[in-house]
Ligand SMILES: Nc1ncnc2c1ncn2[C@@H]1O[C@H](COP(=O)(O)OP(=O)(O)OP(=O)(O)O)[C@@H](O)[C@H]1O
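Below you will find one chain, with nothing else, as structure tokens; this is the form predicted on its own, and questions on how it binds or moves follow later.
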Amino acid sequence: MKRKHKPKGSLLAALDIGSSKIACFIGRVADDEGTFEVLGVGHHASRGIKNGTIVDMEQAEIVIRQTVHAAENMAAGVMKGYPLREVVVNLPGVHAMSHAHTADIQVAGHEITGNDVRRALAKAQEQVVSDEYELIHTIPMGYRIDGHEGIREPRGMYGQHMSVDIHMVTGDIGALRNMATAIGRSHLDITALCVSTYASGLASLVEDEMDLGCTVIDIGGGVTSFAVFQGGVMIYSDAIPVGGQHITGDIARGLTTALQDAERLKILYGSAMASHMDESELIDVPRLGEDDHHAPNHVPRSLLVGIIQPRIEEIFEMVRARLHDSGLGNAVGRRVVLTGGASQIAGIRDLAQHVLDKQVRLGKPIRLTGLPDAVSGPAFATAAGLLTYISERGDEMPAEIMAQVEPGSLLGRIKYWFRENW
């Protein structure tokens, strides 16, 4: 499907609210292809957020404000004193749910138009409206015209009857209200929401991977989320509330050391795969609660690896089980791309290949220009992908679909407006 891009020169901001960090990217559309040039970045260690959920509104709000200000200051020359007003925000996978729907409409032999497609999508949206969750994505996966399968772009074709298979993603209303409140208190409006792992995939997958079938696994601080792409679109997403912070907690408990020391040990010496050198290599583990660091506490590196490996293995096994239960079968593809901060642990790719029995590579943002080195790694894939989403996939936003269905369904639009606003 030909995608509409935001016009050249458009300024957009992305806010990735994670369990370990909050990141803000301010970007400008650099060309007619929708490529982004990053003008400002800000990132800050999270506070008030645990396993993808806001647990302390005030703390979360303070960090969001600090992060956005840092990005605004870096982009000050271009923004010319105008404060940021609108942001596209991630929805953590633990608050999202995938639904598969099929919508059928009559086209009575005339040429199928964009409005016919939107009519079918709007019809499906009306089936999933609820007070308990908000519709986040409406993604057409494939079309049938008079029973003929495998049609990707029905516009311009003729037929009597059109069906569309749709992947819809809903978000938990309570979690969304908390996020909207924290962001609103920072004087920002949410212009769009995007599931974290969808953004990560848009940032780090090449076209062929999206087309042929690929699973993205984003291992964040408190959440590991994953999504399956096929035919150029996301066809499934899910998450488990386990991530890099749980590995750090295991190390702190297992080696009786402070959390910040455990994090440092994980980054400097951690590995997901044991090697024959681990037994002979000693690492210094600061003892919990002791100020005297002069007396070293040496332990073999194998002890650290022995703590990290089972937890990462467990994460991949949980993902494998969820993908198996999804019933997607071969659609999951033979390829896996790992992103997220915890995907940087040494040996993780080999362990993923072993557990998942697939080809695995590490992913990082590939679609943005001007990204500073400090924020060009896998930990920033979600923030980068949020810009790609709003630039290229805005037609998958439920409100956008409803707003563009022509007046034939005015009553439906009025009902939708009341539902959204009251």
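Model, not experiment: these values are computed from the prediction. Residue indices: 1-based, along the sequence shown.
Below, we refer to the form predicted in complex with this ligand, which is not included among the displayed structures.
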**Contact of I345 with this ligand in the predicted complex (heavy atom, 4.5 Å)** = yes
**Prompt:** So, in the predicted complex, is G341 in contact with this ligand at a 4.5 angstroms heavy atom limit?
**Reply:** yes
**Message:** I'd like to know whether G201 contacts this ligand in the predicted complex, with contact meaning heavy atoms within 4.5 angstroms.
**Reply:** no
**Asked** Does this ligand get within 4.5 angstroms of any non-hydrogen atom of I219 in the predicted complex?
**Response** yes
**Request:** Please name which of the stretches 317-325, 299-307, 110-118, 241-249 has residues with heavy atoms lying within 4.5 Å of this ligand in the predicted complex.
**Result:** 241-249
**Message:** Which residue, V223, V164, V336, V89, is the contact with this ligand in the predicted complex, using a 4.5 Å heavy atom cutoff?
**Reply:** V223
**Asked** So which residues in 379-394, when you check this ligand in the predicted complex, have a heavy atom no farther than 4.5 Å from it?
**Response** A379
